[in-house]
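This document starts with one chain, in the form predicted alone, laid out as C-alpha cells.
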C-alpha cells in the first residue's frame, strides 16, 4: 500500500499538503501509473496514522488538479498522466533577460555616485519618533470604517475628491498655488510624479535639466525615462537660469526654488521670473518640487513658482514625506489644465494610485488643523537639532570646514577643500554607520566638495561622535 511513496517526516507544511505533494510527485515520476487505484481515505489514514480529514483534504487537492477521480463508494483512481520526464521537452533556449529599457531602469546611479545605504544623520530622512502615531491611528481607524463607493473599487484613481479639494485650499493658503481640485493628481511619491512627467512629456533622447548640485531622484527618474540630463548651476541665490544660456533647449527643467536641495538656498524672485520667461520662450516645462517648504527658520516663505506663473509651463509637486512619513506613500502634483485628462489616464495606466484610507486620513488631518499643529511642533524640534549639529561641528573642527545653519529643511552642507576626496570621505564615515553622502555626487556639472548631513535624528552625543569621526577622517585626507 504505497510503501515508500509517502514519507511525511521528510516534508514540511500542513499535513494535507504534505500528503498531496507525496502522491502528486509519485504520479509525476511514474511510480504511480494512470489507472491505479489509491486506498480509501479510511485505509490511508490508518496506514499513515493521521486523521481521515487530512487524507480527504489531500484527495480533494488531487481531484482539483485533475490527477485523480473520486466517486462515492469507490476508491480514488489516478486518471492523469502528468509525468515530467519526457524526452521531447527541450531545455530553454536562453534565460530571461532585461530589455534595453529595463537595463536603463535597473542602473543604480546612486551606488555609482557614492551614495550608500540608510544610516545615522541621513539627509532628508525625518525622525520617525516625531510621527503623530496615536493621532494617525485614531484617524485611520475612523476612516477605515466608512464606505467609499466607487472610490473603494476602481473610481477616483487619480485621488479622492475630498483630498483634492482639501489640498487645493491648503496649497493656496500656504503656498499661493493656484489650482482647482481636478488639476491635482495624488501619487505615492515625488519620485513617481517625476517619472510620470518624464514619460508623458518627453521622449527618449530629449533633454532635461536638473540643478547642480541637486536632488538625485530627479536625475534617476529622467535617466530611467531615457532622457539626456544636463545641469543648471546653483549658487547662494538658487538655480541660475543664466548658466544655461546658449545651450540646447530642454524639454523639462527640474528646480527646488523655495528651498534648494541640498544646499538650502532660496531662488530669488528675479531668477524665478527669468526661468519662467526662459521656459515660455523655449517651450520647456518646469517641474517645481516644493521641497521642505514646510520647514522654514529664517524669513518668510516665498510664493510657489506655480503661483506666480500666468501660463501653463509649471507642474507643481509636494509630499507628506517630511511632515508625516515617507512610508505613508502620499504625494501630489498640480498639472496644467490642458494636461489633466491625459496625465490622469497615464496615472491610471501606470498604476500610481495611493491607498484610499491613507488619503481619507490625510483629509481629516488637514481639515482639523492637526497637520498645521504637527508642522509647528516638529519644525521647532528640527531647528534646534540643526543648530546643535552646526554649532557642534564648528566647535570641534573649525576652519577645516564651512557649515552654516540652513534657512530650513532637514539637512545642511558641510563644505571641505576642493583638494579633499569627498567620495572617499563619505565612504569612511559610512563605515561607521553615517549616511552623509558626498556633495560631489549631487553634482551633474562641475563637482563641489563636501558632505550632505542630515540632522533630523541629531542629539548631543551623536553630534559629538560624528564631529570626532569627521575630524579624524579629514586629517587622513
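Take the two forms, superpose them, and find the largest set of C-alpha atoms that agree within 1.5 Å; that set is the rigid core. Keep in mind that this is a model prediction, so the values were computed, not measured. Positions refer to the first chain, counted from 1.
Absent from the display: the form predicted in complex with another copy of the chain. The rest refers to it.
With a 4.5 Å cutoff on heavy atoms, residue 357 counts as touching another copy of the chain in the model of the complex. Under a 4.5 angstroms non-hydrogen atom cutoff, another copy of the chain in the model of the complex has residue 52 among its neighbouring residues. At a distance threshold of 4.5 angstroms between non-hydrogen atoms, residue 144 is in contact with another copy of the chain in the model of the complex. By the criterion of a heavy atom within 4.5 Å, residue 342 is counted among the residues contacting another copy of the chain in the model of the complex. Looking at 230-238, 369-377, 385-393, 215-223, the stretch with residues near another copy of the chain in the model of the complex, meaning non-hydrogen atoms within 4.5 angstroms, turns out to be 215-223. Checking 325, 78, 302, 296 against another copy of the chain in the model of the complex, a heavy atom within 4.5 Å turns up for just one residue: 325. This chain appears without its partner; in the model of the complex, the one residue of 269, 161, 137, 404 with a heavy atom within 4.5 Å of another copy of the chain is 137. In the model of the complex, another copy of the chain lies within 4.5 angstroms of a heavy atom of only one residue of 282-298, namely 282.
Residue 145: CA moves less than 2 Å between this form and the one not shown after rigid-core fitting.
In the core-superposed comparison between this form and the one not shown, the C-alpha atom of residue 73 has shifted by at least 2 angstroms.
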